[in-house]
Structure formats: C-alpha cells, structure tokens
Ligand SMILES: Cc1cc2nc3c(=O)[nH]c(=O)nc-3n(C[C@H](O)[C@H](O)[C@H](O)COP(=O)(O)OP(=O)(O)OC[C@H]3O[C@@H](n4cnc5c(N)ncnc54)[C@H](O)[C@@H]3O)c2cc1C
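Consider the single chain below, provided in structure tokens and representing the form predicted on its own.
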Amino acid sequence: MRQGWQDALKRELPEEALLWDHASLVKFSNDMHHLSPVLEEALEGKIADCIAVPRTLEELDQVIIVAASYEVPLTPRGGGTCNYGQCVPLTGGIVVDVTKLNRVIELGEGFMRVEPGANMGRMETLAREAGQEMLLLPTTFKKSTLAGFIMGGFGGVGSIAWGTIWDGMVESLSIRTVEAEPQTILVEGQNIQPYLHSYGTIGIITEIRVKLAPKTKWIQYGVTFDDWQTAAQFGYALADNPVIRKRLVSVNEWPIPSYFTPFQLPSDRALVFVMLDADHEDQLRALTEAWNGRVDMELPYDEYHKKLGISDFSFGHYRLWVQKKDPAYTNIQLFLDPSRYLEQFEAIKAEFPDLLVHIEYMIRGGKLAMMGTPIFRYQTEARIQQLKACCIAHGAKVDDPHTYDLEGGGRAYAVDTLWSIKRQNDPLLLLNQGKLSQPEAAL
C-alpha cells in the first residue's frame, strides 16, 4: 500500500460511506468462521484498515480507483454469514461492504436482476408475491446477500430440486475489474462457472441475473425413526423419488434433534426434516409408513417464511443450534458414495465414535448426491486431520471447512483457470489476498 490512500478515499467518497472506528473494523472484518476452532485461531486479529460501504456503483468505482491507484487490498463482503473466513482481510486494506448496493433492477417471468447486495429474503418475498420463488436459498437467507451466497456458498434449500449454484441458477454476471479505469465485463453461459464460489478473488460483482421457479405451496414435516440408518434410507428413497416434489430433505442422528429446542420432538429418535409440495402429502405418509417412521411434526403452509422453519435447522445452520449449547462441537464436510453411504458412515463412526450423522440430499450435475456434515467434539487440529484421512480412506470426498484457502477447501474451480481470469480482472492482485493459492506451476 502506498502512502496517502486514506486521504484520497476521504476526498472521493462522502463521510457516511466510510467507517474507520475500531468496532466497525472488527465487525465487518469477520464472518461466521468462529464456528471452526481452527479458523478462529488462524484468523485472529485479521482486520481491515477501512470499511467502505458504497451506496451507488459510482461510489464503488471510486473505491476501486483509489485502491488500484495506491495498491490497497480489497476484500468484498456481503451479509457475513459464510463460515470459512471468506470475507476476512488477511492483509488489511479495505473491506467493501455491498449491502447498500441492494436494488432489485427487474423482476420478470422466470428471472430476477439485482445488485450484488440484494437481500435474499426480500428477493424470495418479491418473487413469491409474483407467483414465483428462488431456486436456491441459504439457510441464512434472511440476512444473506445474493453476491455473498454465490461467491461464498454453494447450495441450500432447493438443492434437492435444482442442484447447486453451478447447476444453472445464475444466468449472467456483470463483473467490475479492479484497475485505475474500471471496466464492466458481462459473463454468461459456461463462462459463469469459474466465478461461482470464488470468494470474490477474481472480480467484483455489480449485477446478477438469476432464474426463478414457479411458486409452490410448501408444507414442513418432521419425520422420526428408531435409528439414523433407517432415517438415512428413508431420506434417500424420498430424495430419489422423481414424482414427489420437495425443497429440503435433511437427516439428523439423535441427539442432534435434542438441540432443536424451539420444536417439541420425541426423545431418542433420528429425525428427517422434509419440505414438501402440499399436493404430495399422501405419498410422503405412505413412504413414512413403509420405512416404519412417524410424522411427529407438521408446520402448515400459512406459517411458511413467517415463523421459524425447518430450514433454520438444516445445512450449516443446524450446527448453530448445537454449538449454542455445546461450543465444543465442530464439523467436517464430505460427499458420500450413494451406493454405499451406510457402510462409509459406519466405518468412519467405528474409528470416531463421538461423530454424529447429519446428511443433506441434493442434486449435483444432474445426479443425486449425499452431503454429510457430521459433527464431533473438537480436541486438536491433528485429530481433524486424522478424521479427514479416515473419511478419504473409506472413499468419501472431503471439503475442509477448517481452511480459508479456496483450493484447500475443495471448492475451487481449476486453480490455473482462476488465476488466468484474476490476472485479467485484477492485474494488481488486490482482491481478497491470500485466499487463492498460486498453482504449483507458478511456484
């Protein structure tokens, strides 16, 4: 960073668009990475020198121009709900909070165009008022921004029907380059793929167009079973049924449901949360009976999005309820082989008996996938590495939630491709420094 950038920023932006106080620097330099004890230690004390909160694209350009002119690191930030330190500035500089860039530009038949800071809860509300709905929602949709989700997340509510962010949700992106004269690049089709889940390392989003689905009347159920194995098999059968329309299928081994205190759930029973089209209730009840389960909870349609729902207890959000009462728990994220997932989990649990099963079903690349995010009590980082090795040895693919490195987390597009794009869009390499490792050929 060259001297004088702070004064230049103050000259170009109004006072209310810049935050310099220590409390704001700490607040906006953090996300939910404290859920990982490894990341909490690794990222301790990493804070920005300034928080920029542009309210217009012109103000965003001024931030970019100053950063490029003075070689100041830039870290884009949305709602701050991601868990892996994506928006923590490793080298200081400016955190760019995009939550004021939140306009819904256009709502049409089957699509919505928005600015990067558009709130996903508001987008869902507007879409449903128009007889449509979002394809995917993170469990933190009430706070999440769309750019934050597609840059830091990958799936969520709706993934069982529509897949992940790579499966066609995003129709186009407008990307602003980081240079003294910022340019706008329109990205469409397969060219979108590398930008998704890239932690804002290869460009700053200024506009997003996403697909919408027809609005559905969703009912929420809690179906319980004697053991997690039966719950998982029921969940698989439901997820794999092409006739039954669903938005969520989420499995929890007991005692995980005991932490879901807002709901009155039976003791000592594994739980499957199901979000289902109301027209398919009979099929759900028949399938439940076939697997000797019980429907122990039902939330009516008129409560959907109005009260606490089952999406507040799925994907990464379920872990929040556990850690509220027992902070010793953390998790690992892995993808199982659908042909032998029970065998894989049982083998892993044999070596790590304190591990508790949590499964989310989703479509990836047109195929049914099983994502396990089991929890266990944290002891040492070395034990996490042992668990990772155990999972890999039993044929599971591990995405490490205890690293801020994009490739290390198993979520990156081909690293050499990302670097090629980064050098074009971010020639001074200022964006989210330290999150995208150099390809081996360049080291």
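Note that the coordinates shown come from a computational prediction; the quantities given were computed from them, not determined experimentally. When you see a residue number, it is the position in the sequence shown, counting from 1.
The same protein has a further form, the form predicted in complex with the ligand, not shown here; the description that follows concerns it.
- Residue in contact with the ligand in the model of the complex (any heavy atom within 4.5 Å), chosen from G222, G79, G372, G235: G79.
- Think of it this way: in the model of the complex, the ligand has a heavy atom of just one of A239, I204, M112, M275 within 4.5 Å, and the residue is I204.
- Using a 4.5 angstroms limit between non-hydrogen atoms, Y304 is distant from the ligand in the model of the complex.
- At least one heavy atom of F154 is located within 4.5 Å of the ligand in the model of the complex.
- Residue contact check for Q344: none of its heavy atoms lie within 4.5 Å of the ligand in the model of the complex.
- In the model of the complex, the ligand lies within 4.5 Å of some heavy atom of G200.
- Of the stretches 85 to 93, 344 to 352, 179 to 187, 222 to 230, only 85 to 93 has residues with a heavy atom within 4.5 Å of the ligand in the model of the complex.
- Of all the residues from 112 to 150, those having a non-hydrogen atom no more than 4.5 Å from the ligand in the model of the complex are P116, P138, T139, T140, S144, T145, A147, G148, F149.
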